[in-house]
Ligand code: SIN
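Take a look at this single chain, the form predicted on its own, given in structure tokens.
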Amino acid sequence: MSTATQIRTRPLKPGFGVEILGVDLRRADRETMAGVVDAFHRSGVILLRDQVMTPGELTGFVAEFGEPEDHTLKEFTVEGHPKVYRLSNRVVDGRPIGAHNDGVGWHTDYSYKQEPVMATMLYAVEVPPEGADTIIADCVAAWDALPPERQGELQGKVLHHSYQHFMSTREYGARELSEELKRENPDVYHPLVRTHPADGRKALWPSTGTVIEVMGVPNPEGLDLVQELVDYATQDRFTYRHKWRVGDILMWDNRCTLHTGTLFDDTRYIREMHRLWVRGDRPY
């Protein structure tokens, strides 16, 4: 019996994502953990509910998938746990303890790096009773649903990504970068159609925010194409909307998805999430 059959799952959406049932990550043996990792690579998204995890345990968990990645901005990492980044609207002693409204807008994490993160994991510490959903788009299904002639037109196109542009123009948390951050985050170029190294499946891989041009296609036509493809890939038929509960771990594969956060009433409710990344490789 393979490790993948040792865990019970149910689909989050037909053909996309799984909820892993009956696994307590603090007590999982090696065979069970191997099954969790395998489910991630095959499904694009995994959900585990009712977990109780410290920042150190979360770091150990994501290390099962690869090397935990550092964060571009350091001020909201959890003290003593530099791989754990806090997302929150909580203010303590007049200072925010986390990034607020981070991740609103369809994107894939670290797309502005030569080697974007392979996986993003969120752990729910405190969640509002309404709003603050996370929506994930299945970009493999979106690619597969395109007519062959359209696939042919898009295959081989290259996107120009800019962190500097993204940070200066984003709706929430815009800032001008220090010279050091500019040097650390030069512009990069990635394929519009990405191949998954686990099994060769292809995914439509546009993004908003960081993309400033399609190489060889003049603007505004190029950016209009990117927006058209984002709108297409994020239709309801390709997306899973996650409604959070405390103790949820949601982890998605940035090589074949887009995601966005949604807003909530931050005057009434507090949200606190821990985010961790797994280092990736260069898209092809």
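Predicted model, so just to flag it, every value in this text is computed and none were measured. The first residue of the sequence shown is number 1, and the count goes up from there.
This protein has a second form, the form predicted together with this ligand, left out of what is shown; the following refers to that one.
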{"query": "Contacting member of His107, His190, Lys83, Arg86, with respect to this ligand in the predicted complex [4.5 Å, heavy atom]", "finding": "His107"}
{"query": "Residue among Asn185, Thr134, Ser111, Thr208 with a heavy atom within 4.5 Å of this ligand in the predicted complex", "finding": "Thr134"}
{"query": "Contact segment among 99-107, 123-131, 171-179, 143-151, judged by heavy atoms lying within 4.5 Å of this ligand in the predicted complex", "finding": "99-107"}
{"query": "Candidate spot His259, Arg271 and Arg275, all three touching this ligand in the predicted complex (heavy atom, 4.5 Å)", "finding": "yes"}
